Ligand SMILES: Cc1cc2nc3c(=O)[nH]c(=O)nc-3n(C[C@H](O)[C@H](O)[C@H](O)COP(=O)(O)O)c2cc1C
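A lone chain, given as structure tokens: the form predicted alone.
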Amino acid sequence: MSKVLIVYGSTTGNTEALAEIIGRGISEAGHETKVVNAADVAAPGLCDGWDMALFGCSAWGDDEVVLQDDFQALYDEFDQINVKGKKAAAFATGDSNFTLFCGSVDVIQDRLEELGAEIVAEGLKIDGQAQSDQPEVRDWIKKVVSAL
């Protein structure tokens, strides 16, 4: 059994709901998960003791990616989360009316790679509210689980 940390930043609740769906899916596959709000964690050593870390953040923006406020504070200290050598991936919900739809996925994934994480699945981008029976959500969870 592997241990998976899921950290999210959510303004409207959509990314939080997606984090919970992902957590349930990974738990149902027999792994230990912990789903936490970015507002409730500290960056130093965040990934210590976990086999995989998944990061979700709502975002918006037409000219630049604007990360959700709570997640931005964590992201500013990402160099302290000890993700080097860890399996990781990013996910988000967003509004496809924005030019930079779910741009947080790309920003987070790029930073994780810079910090030495092993990206195990292409970032999951969901328009609006996620559903547990959504094929792209189920498929993404399967990819993540297969990397454990």
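Only a predicted model underlies this, so the values are computations on that prediction, with no experimental measurement involved. Throughout, we count residues from 1 along the sequence that is shown.
The protein also exists as the form predicted in complex with the ligand; that form is not presented, and the subsequent description refers to it.
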property: Position in contact with the ligand when the complex is considered in the model of the complex, options D95, E32, D48, D110, heavy atoms within 4.5 Å; result: D95
property: Which of 96-104, 32-40, 81-89, 113-121 sits within 4.5 Å of the ligand in the model of the complex, heavy atom basis; result: 96-104
property: Heavy atom of E20 within 4.5 Å of the ligand in the model of the complex; result: no
property: In the model of the complex, Q131 touching the ligand (heavy atom, 4.5 Å); result: no
